[in-house]
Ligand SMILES: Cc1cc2nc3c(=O)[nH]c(=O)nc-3n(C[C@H](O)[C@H](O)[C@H](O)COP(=O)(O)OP(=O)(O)OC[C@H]3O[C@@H](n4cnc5c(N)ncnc54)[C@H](O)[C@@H]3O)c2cc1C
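A single chain comes next, written as structure tokens; it is the form predicted alone.
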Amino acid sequence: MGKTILVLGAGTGGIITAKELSKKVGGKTKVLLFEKEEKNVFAPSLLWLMVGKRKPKQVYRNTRKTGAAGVEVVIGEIEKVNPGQISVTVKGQEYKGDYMVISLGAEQITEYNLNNYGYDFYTLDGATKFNEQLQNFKGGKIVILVPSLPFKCPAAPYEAAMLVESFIRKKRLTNKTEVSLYVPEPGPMGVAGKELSGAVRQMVEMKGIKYFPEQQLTSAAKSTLTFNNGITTEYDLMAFTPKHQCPSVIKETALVGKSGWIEVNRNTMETNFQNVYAIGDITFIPLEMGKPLPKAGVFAHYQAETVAHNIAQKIAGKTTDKTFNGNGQCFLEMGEGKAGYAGGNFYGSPLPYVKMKTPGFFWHWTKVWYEKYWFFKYF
């Protein structure tokens, strides 16, 4: 009798899980991929979109195109998840499976009414509208703001600030413009270690960007932001990251632990429900240093490969012999056609072991190549 596998969410992790399973299991096994959005955005490209390096239509594809032999795409909001019964409900219809992989990412919401004053560059609409304002910018104060922790892609706000500064420099508006970055964390990409964090901060500040760490936003208004230390700053144009939280439909289940996220076996991505896995941003994986594994697409990618392999092994009656080992990498866009590249083992003991390669044009073009590869391979 054929098996049914439910994959929740068509982000990086969900797409790779579904595609890998379609290749590995075949036969009578059915893979159902659930996604609420018709437009499937490649999130790393939003940084280029916000500074005019991409057009909106270049950074997304139709979600239905992720379907393949053995993969059925179901578009609609997930109304209920029952991990005990391995079932989900979409538009009133219940779908039951033998295995479930939850890759719904983080639910993103706007706090402090920031959407009334600035642009959420983690969304297609926000990045597009920020770019429209930037193209007509004549000078003033530009703020890149992180209002709360955690947020996915730890490098993104720093990349955004450097790309905006590069745009301003090219437009010869440097003498008329101040670019500032306000974040609640003590330094960039802290989980990666002091050396890498210091290197990223140096990159930012060498570009003349004003960097303000440990700034927790408490209120926002038109043209002004206020932080918990009493500091108030004015701005003319603002881009911000949204608040990230566990999706409401998952909060209603017994999957969520004390962390507020799904807690899993860090090597196999198994939850406390049999044959139910969770991968990517929706998970909470504590590291030895006391901080959680960052929320980043690269981890969802490798976790997806692990889970797909092990489910296929289970279906075939074989040993589940693949583990996620904590390795990860990321590009760091710097503007002017250059990028950095950092990678290593985040499960390192007692601290993650992460190093950065010498920044240059090569890493930027490698990221461009990966964007093209992603769309070609998965759509």
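The numbering used is simple: start at 1 and walk along the sequence shown. All figures in this text were calculated on a predicted structure; none of them were measured in a lab.
From this point on, the text means the form predicted in complex with this ligand, which you will not see here.
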{"query": "Residue (of Y122, Y158, F284, Y211) lying close to this ligand in the model of the complex, criterion heavy atoms within 4.5 Å", "finding": "Y122"}
{"query": "One residue of C153, L173, I86, L293 in contact with this ligand, assessed in the model of the complex (non-hydrogen atom, 4.5 angstroms)", "finding": "C153"}
{"query": "Candidate stretches 43 to 51, 349 to 357, 24 to 32, 317 to 325, one within 4.5 Å of this ligand in the model of the complex by heavy atom", "finding": "43 to 51"}
{"query": "Residue contact check: A300 to this ligand in the model of the complex, 4.5 Å heavy atom", "finding": "yes"}
{"query": "Non-hydrogen atom contact E77 with this ligand in the model of the complex at 4.5 angstroms", "finding": "yes"}
{"query": "is_contact(V249, this ligand) in the model of the complex, heavy atom dist at most 4.5 Å", "finding": "yes"}
{"query": "K65, heavy atom within 4.5 angstroms of this ligand in the model of the complex", "finding": "no"}
